[in-house]
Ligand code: GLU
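The chain below stands alone, shown as structure tokens; this is the form predicted on its own.
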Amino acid sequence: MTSTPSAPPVITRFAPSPTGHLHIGGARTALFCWAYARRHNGAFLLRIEDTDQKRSSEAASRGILEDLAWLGIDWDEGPVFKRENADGTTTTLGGNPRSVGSFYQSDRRDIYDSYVDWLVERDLAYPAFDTPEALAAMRQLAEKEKRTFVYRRAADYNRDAALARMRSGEPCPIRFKMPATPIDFRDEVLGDITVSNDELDDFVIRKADGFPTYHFAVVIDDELMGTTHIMRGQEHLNNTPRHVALMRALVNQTTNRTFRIPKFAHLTVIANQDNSKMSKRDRDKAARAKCRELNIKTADDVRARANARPLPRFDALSPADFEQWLGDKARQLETHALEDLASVIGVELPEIAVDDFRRSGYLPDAVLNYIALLGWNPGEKGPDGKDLERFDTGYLVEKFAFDRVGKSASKFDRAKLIAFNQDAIAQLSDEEFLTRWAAWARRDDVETLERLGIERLKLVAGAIKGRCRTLKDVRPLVSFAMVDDDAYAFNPKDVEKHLKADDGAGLATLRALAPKLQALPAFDVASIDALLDAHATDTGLGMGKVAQPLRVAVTGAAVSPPLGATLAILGRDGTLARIRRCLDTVTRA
């Protein structure tokens, strides 16, 4: 009896182009690839597709590694990266246990060249020397004849002459000769797909600059790295017939076997609420619209609105660059320059890339939970009888399968993500909340971290945690403590209402409270709250007439975190200094 060969281990891959921080849609693709590999005890591989020399950068490559590591999507094979954990430890991600070569395509050109040469030798690919003018004429003719332009090798193509020109060193693209048959393949989400040969051209597999195109490098690498399942966005669906045709034409030079055909799964597009595609350009679009509204036409207009406030990243732009950006919807400003601009013109930029959500103070757990629902659902009910939506990555790994992946576009609901994040923050212990915030602040809010310090923030963590939708909300909640005791302003309306009204009843309350706060043995949240409760009861004033004058005195306004937390973070000396200043200021007014 012959045994049936076992299926190869599942190997999924995520292969981004390093042209900027990771788009949230790319993160969703990476998450699904990761979850599928984990469910099947396989390997998740990360490859950097950096053959586009004009758009790729080392900084963008590192940014993508940081984005994935922050999300907690750990890769088994790929570039080595040390992730800094919230508790100060590090975890090493990646490696090359199977010795498959570099995970950067720019390092693999010799491999691609050997396969290009193999195809050319067998007349499965060929050098093409069409001039830009000739290609433009072909397109114009197709347009005139109302047909789609599909490039084909000319009937009078002289192969020997073309090969001689190529071997002499004349730069030229190499095109794959598309077979004259339909291309069929199965998609795990969309089903069986057949594409007519009439729709597929002889596409370029190596550019004239010697670098392979995406179409060619991805096919070679997926074979040599053993990829068994390819998950990617539906925008790549039109590329798949070309890739399948290449796979059927190529032979692995190591195993001497035809390239395997991996299983494909094309994932739904992520759209904005208005059905437009969620794009990194949305941030520039929002800023550009606000500039038009404010009649901003030059960089000097921006600087005038800044009132001498330094804008180092924006100032690095040349005036011509900014004006070109204003007039060209395809242009994008560098992230920090755009944020400088947004802060001046008062526009909120939508989060699009993973790093945008990170800087805005989202928890990676909440982001992963939410994006898992963009195109997939577990098909189960929660305890409340509604569709189950809140789960962790362990649940996703257990349940993820292609039969629950949708076919239609998913809309990105920011309000829903905010709700996910707020709930996730509320469920943290006070200690974990502060640990998460401090890890975020070390990169994105150093000023608050250094100004207040962890020990002071420990006093108020429990009080402010429930008011935070994102970690970024900590700063406005404690902003009253970020200024010197003599540097904050008093809201005139609140002063009139809570201090001067009723013949200065609020000021009298402050005079009565000051010595009690001075004598309080422990100046912590519980002790302060107990004192204020007792004073409100003993005097018969009620908490409102006790708390509000005190709140105005120490913050300048009638809104702040819970009063015990407000005073605790200011400390005894700061609180008393602010009460004295308020009494002096308001009494003199």
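Quick note: we count residues from 1 along the sequence shown, nothing fancier. All of these numbers come straight from a predicted model, not from anything done at the bench.
As for the form predicted together with the named molecule, it is not shown, yet the points below apply to it.
Put simply, residue 16 is close to the named molecule in the predicted complex: some heavy atom of it is within 4.5 Å. When the named molecule is considered in the predicted complex, residue 214 lines it closely, a heavy atom lying within 4.5 Å. Taking non-hydrogen atoms only, residue 218 approaches the named molecule to within 4.5 angstroms in the predicted complex. Among heavy atoms of residue 207, none comes within 4.5 Å of the named molecule in the predicted complex. Proximity to the named molecule in the predicted complex, taken as a non-hydrogen atom within 4.5 angstroms, holds for one residue of 263, 359, 236, 177, which is 236. A single residue from the set 288, 108, 436, 232 has any heavy atom within 4.5 angstroms of the named molecule in the predicted complex; that residue is 232.
Scanning 19-51 for heavy atoms within 4.5 Å of the named molecule in the predicted complex gives just one residue, 49.
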